Each structure stands twice: as C-alpha cells, then as structure tokens.
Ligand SMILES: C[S@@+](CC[C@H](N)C(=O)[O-])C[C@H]1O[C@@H](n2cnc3c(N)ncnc32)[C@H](O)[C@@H]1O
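Here's a solo chain for you in structure tokens, the form predicted on its own.
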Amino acid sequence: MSAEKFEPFALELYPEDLCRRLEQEQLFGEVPAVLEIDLGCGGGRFLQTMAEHFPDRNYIGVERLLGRVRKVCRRCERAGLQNVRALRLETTYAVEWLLPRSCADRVHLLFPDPWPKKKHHKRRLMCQPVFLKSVADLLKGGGEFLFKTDHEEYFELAQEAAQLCPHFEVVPWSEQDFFYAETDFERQWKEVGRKIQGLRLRKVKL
C-alpha cells in the first residue's frame, strides 16, 4: 500500500528539496514585485495586516511551528490574500541556506526570543555576525532590515552589533516614516507599559 502524498496547506511555501537554495521564481512566480520577509512570523497578524495594506507587495512568513504556519495560512486565505506565503522552517536555516540571495526589499525580525539567561546569550540572532551577513545577502542593494524588541539589554547589544557590521548602516526610524503594522507581542507589551524599541538597518554597497 503506497503512502499518501503530503499536501501542504494553502499558501504554504513547500520546497521539494530543503538542501538546495530556492530560485526567485519559486517564491511567487516570475511576476516581479516588492518582497518582504517576516522572520518568526508567529500567528501572522503582522503579515496579514501588511499584505492587506500593500496588496502590490509580496510577503513571506518564516515560522518553525506547524500550528502557527497553519494559522497564518488559514487567516490569510480567509482574507482572500494571494500575496502571502508561509514557510515552515527554522529562521537561521531559511536565511542562511534556503531563501534566494538578493531577493528581498525588506526583512523583519520582530520581538524574537531575547534569551535573557546569560548561558543563552549566544542564541541572540541580532548579536551574531554570521546571521547579520546572511540577512544582508537576502536583501537587494539598499534593502532594509527592521528589528523590534521590548528587551532593553538585547536592544543595546543589537545596536552595538549593527554598528560593527560592515554590511549595514543604521538609519533613523520613526512611526511617521511609513505604515508599519503591530504584532501580537507589540500590542501585549504596550498594554502592560513596556518600552518598544526599533532598529532600522539599510544594506550598504561594499
């Protein structure tokens, strides 16, 4: 008896070969459009809101948990969105090995785990030069990497790492610059009075 063929969820980006880097046309076909990637997209509130607000842009959410990927696909499908894809994969692998180079106009890393325990600090993505270099490789020339956190120490260390990274320049970022949706975490932390801080990095030519 043959095994049933696995069918990915609607709107799910399901690479046949996880050991080979994707080509640009495998993401949304050959129709060119602005592409934004949300790393660790959770349940997809940010992704859905951005995709609704900018229907001429394409969005990919990267999330390792199956339940969250299912939620992203269902909520975006119910909203009738065709400019969203969800990729079930661990963030660093997706960034470093799978997603096409020079494919994105923006990459978002919003409220990642701050790993507060000292023994776990090495897991902080924003403090890893290899990760920052890999994000820069995903971006087109002049593309932007946007980071937000409510964790003050993590933000300070992320600022230091960004200033030392030769692939990015830090540019000003205020709420008036452009529309930017809130995540579930951002709403939650604002309600309890936590300070939200953001970092906007632009890829530079070397």
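The model shown is predicted, which means the values in this text are computed figures rather than measured ones. Numbering starts at 1 and runs along the sequence shown.
What comes next is about the form predicted together with the named molecule, which is not displayed.
> Which residue, Cys41, Leu139, Ala158, Ala51, has a heavy atom that falls within 4.5 Å of the named molecule in the predicted complex?
Of Cys41, Leu139, Ala158, Ala51, the residue with a heavy atom within 4.5 Å of the named molecule in the predicted complex is Cys41.
> If contact means a heavy atom within 4.5 Å, which one of 171-179, 158-166, 59-67, 23-31 is the stretch that engages the named molecule in the predicted complex?
Contact-bearing stretch, as computed: 59-67.
> Quick one: is Asp105 in contact with the named molecule in the predicted complex, heavy atoms, 4.5 Å cut-off?
Flag for Asp105 set to no.
> Can you tell me whether Asp184 touches the named molecule? I mean in the predicted complex, with a 4.5 angstroms heavy atom cut-off.
Judged by the heavy-atom cut-off of 4.5 Å, Asp184 is in contact with the named molecule in the predicted complex.
> Though only this chain appears here, would Asp113 touch the named molecule in the predicted complex if you measure heavy atom gaps against 4.5 Å?
Yes, Asp113 sits close enough to the named molecule in the predicted complex that at least one of its heavy atoms falls within 4.5 Å.
> Wondering, does Leu98 line up within 4.5 Å of the named molecule in the predicted complex on heavy atoms?
Residue-level check for Leu98: no, no contact with the named molecule.
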